[in-house]
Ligand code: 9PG
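What follows is a single chain, given as structure tokens, in the form predicted on its own.
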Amino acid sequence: MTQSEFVQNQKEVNFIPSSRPILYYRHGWQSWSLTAWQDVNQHIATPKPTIMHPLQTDPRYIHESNPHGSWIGAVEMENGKFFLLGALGLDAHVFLEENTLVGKYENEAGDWFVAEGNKEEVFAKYATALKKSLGILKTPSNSTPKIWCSWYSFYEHISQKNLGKVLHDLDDLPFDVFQVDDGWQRAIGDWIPNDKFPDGMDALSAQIRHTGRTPGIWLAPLIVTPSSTLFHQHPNWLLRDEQQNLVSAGFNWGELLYALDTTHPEVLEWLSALMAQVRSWGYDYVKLDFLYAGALPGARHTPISREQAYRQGLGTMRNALGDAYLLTCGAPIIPSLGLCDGIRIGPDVASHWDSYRDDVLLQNFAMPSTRNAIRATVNRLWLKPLVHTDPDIAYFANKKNTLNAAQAKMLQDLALVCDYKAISDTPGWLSAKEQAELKDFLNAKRKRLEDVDFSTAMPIPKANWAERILGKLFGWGGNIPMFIHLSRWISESALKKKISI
């Protein structure tokens, strides 16, 4: 029998479980952050390189030595039961200090939920408590859209021409949404169609709608790069620290990333207008990415907690989007609930199962890989009563990835467990057999978690002493722009060969 209780208005709480903890549930801060069950004696190293910390995990707790998680911590005990401590507010962390679960709010005191019993029940009761606390008024609908996404077929190399060809080639494949991903914009911060889309984004959405599908589009509205016009025109919109230095949001697209301050009135007006523009173009499915930037530590225009600031910005965009389907990604998990229809709950998948460099040398489990994506997603499925859980895409074109049959099937089964089906393979990549398998997948009914064996994706790789030394060298190189640009050039060369551009 599961026992539960609420603790109200406490900034810090301490609980000693009834039996010795043997495993700790480490819940990551945002979509891509490591979420896994770890042995309480296993030390998980600080991921490398440092330049990626703001982009992959909560930078405020990156050097925490105790097992810890964002908003929620749970332990499996020697007696076979589970003990869970979860925050019902927005800015909390839970730590395992020896045999004690310690919950702490960063700012003001807040409410907590505590439960002991079997695994499924303690997580289900926490989800119910969160639903009430966050004021989530509706349960996610039973149906989710079937999505074709451009990212894993073309990455940034999309154009009006090649997307139009794919749209034609999809023919009668039963996709509900055709999603235009990264690569249509002039710059990160300047959400205007570039020269590869000469007829504009509204013309493309009309072309998509003509096939009977919902137009979908990707944006990353809370980050800005120095190459954008926005960066130079509105420096006062950018998040800064107490010394007025720009707050790093990581590194991507060959540039440093910076964050918008979502408490600045002009930023909120701009976000609202941007979402209204997207809707006026005809896009009814909107994926907002890299949203963690709205909750990074910093000195804001309005002095509210960082997760409150993020939720305020997301709420503004939600209101402006109206009844569009909103998928969040790279998003702080708990502060997103109730404002989005779906949320990515793991890192990006990849055409490989794992990476020795990323997993062992860099100890970075937020990097794209199929194993990292499956591990985090499976360990967050308790969120299903609150939101649609997005596991990312599934692969069917065997020649375009290095996954073996069992690994590709596991990814497909995860989509059926989540009941969130998305692919990125173009029809021209698929053999007749693979196209038939894709049709069966799109028409298949959901699966139960207990009917699929995900065990091979769950372990957290360890590094020996030699690998730790080599990992420091790789991590050091990963912070140097010259090496980052070289790695990006190598990746781009391989990508262009793969997609034949």
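All figures in this text were calculated on a predicted structure; none of them were measured in a lab. One rule holds for the numbers: they count along the sequence shown, beginning at 1.
Below, we refer to the form predicted in complex with the named molecule, which is not included among the displayed structures.
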For this session: Choose from 284 to 292, 259 to 267, 124 to 132, 82 to 90 the stretch whose residues reach within 4.5 Å of the named molecule in the predicted complex, heavy atoms counted.
Result: 284 to 292
Problem set entry | Distance check, Cys329 to the named molecule in the predicted complex, heavy atom within 4.5 Å | yes
For this session: May I ask you to check whether Met52 falls inside a 4.5 Å heavy atom distance of the named molecule in the predicted complex?
Result: yes
For this session: Determine whether any heavy atom of Leu362 comes within 4.5 Å of a heavy atom of the named molecule in the predicted complex, and answer yes or no.
Result: no
Exercise. At the 4.5 Å heavy atom threshold, is Gln56 in contact with the named molecule in the predicted complex?
Worked result: yes
For this session: Would you kindly say which of Trp148, Phe396, Tyr152, Trp71 lies with a heavy atom within 4.5 Å of the named molecule in the predicted complex?
Result: Tyr152
Seminar exercise, completed: Heavy atom within 4.5 Å of the named molecule in the predicted complex, from candidates Glu106, Asp348, Asp190, Asp111, belongs to Asp348
Problem set entry | Full three-residue contact with the named molecule in the predicted complex, heavy atom 4.5 Å, for Tyr25, Glu64 and Phe95 | no
For this session: Select from 440 to 459 the residues with a non-hydrogen atom within 4.5 Å of the named molecule in the predicted complex and write them out in sequence order.
Result: none
